[in-house]
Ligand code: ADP
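Below you will find one chain, with nothing else, as structure tokens; this is the form predicted alone, and questions on how it binds or moves follow later.
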């Protein structure tokens, strides 16, 4: 926090009015289901993005980051799709979305610092949005951090910012995790109605940990592949005569797929989404019953579906999953949108060094960049820090 405050003082020559933080996230299971009105099960991470902020009276937004680069400046009335460029779109989009929704939001100076790995599929963009949104809510007296209901509103506006201004067609899971998660819990988020259930996620009493493997394979949601998957799901829903793929019952999956046999792409996309929604339900049931071995099997089944049916994995993700399983993980899967980013593994605590060693050896053999590891524990959502 001192780092982001120092950055603010250095660049803007004043003291910030406060510092706000918002977490990255790991999705335990439920990938590419959010924009299909399905179910997801993320946790918030201890890794955070920090925003030191101060109000301005001239309707300007100025942004600086400890990561370097020039100060981003834009008038609030000039914010539009793709404007400003680069990472500034995510922050500016939040103020745009608040203003579009009728909230009285003025100019800000904001300094950003983050411990959420960039490009790792751990939702660094939603962490940035959440930190800026939390700052704006407090500084302009909007009261949107008051309870889960108001936080749900703020999460929805952050999603709109990412979809419209940052032009990334993501679902709402990332923003919900950054703003609505609580310490020690995953959230079961129903993306059709926004309802959240807090699901205890306590691995230590089972002698287990959640190992995150940052593959260092570059991940991006705005490169077109994510949008193509979403468009395919929308085409399939229209063809099947349903509002979204959430409306296809798992018990009717075989009959549904029969209707899509003429289109192999839509066949596999629907097969993944409908089965993945069911895996979320099964994972929650297994967690509540303390059946962690079953959770591991569901993780692995999810990865295979994402690899083969949704085709969003990559060699680095597959290598991490395979090596983790061979070294004794109960289950492993890619997490996030795919095409790079991170994998997670459910690992007995005593086996963690061996699992990490196996993954490192696999990467070295294959000539991949050296991955990074950390243990994920479920943290709370966005808040004021100082």
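Positions refer to the first chain, counted from 1. Note that the structure is predicted; figures quoted are calculated from it, not measured.
Although it is not shown, the form predicted in complex with adenosine-5'-diphosphate (ADP) is what the next lines describe.
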key: Option from 231 to 239, 110 to 118, 142 to 150, 265 to 273 whose residues, in the predicted bound form, bring a heavy atom within 4.5 Å of adenosine-5'-diphosphate (ADP)   = 110 to 118
key: Output flag, 21, 63 and 104 jointly within 4.5 Å of adenosine-5'-diphosphate (ADP) in the predicted bound form, heavy atom basis   = no
request  = Answer with one of 154, 177, 128, 94: the residue that has a non-hydrogen atom within 4.5 Å of adenosine-5'-diphosphate (ADP) in the predicted bound form.
outcome  = 128
inquiry  = Which residue, 244, 159, 256, 124, is the contact with adenosine-5'-diphosphate (ADP) in the predicted bound form, using a 4.5 Å heavy atom cutoff?
reply    = 124
Proximity of residue 226 to adenosine-5'-diphosphate (ADP) in the predicted bound form, heavy atoms at 4.5 Å = no
inquiry  = Using a 4.5 angstroms cut-off on non-hydrogen atoms, would residue 57 count as touching adenosine-5'-diphosphate (ADP) in the predicted bound form?
reply    = no
query = Should residue 361 be counted as a contact of adenosine-5'-diphosphate (ADP) in the predicted bound form, where contact means heavy atoms within 4.5 Å?
reply = no
message = Would you classify residue 90 as touching adenosine-5'-diphosphate (ADP) in the predicted bound form, given a 4.5 Å non-hydrogen atom cut-off?
response = yes
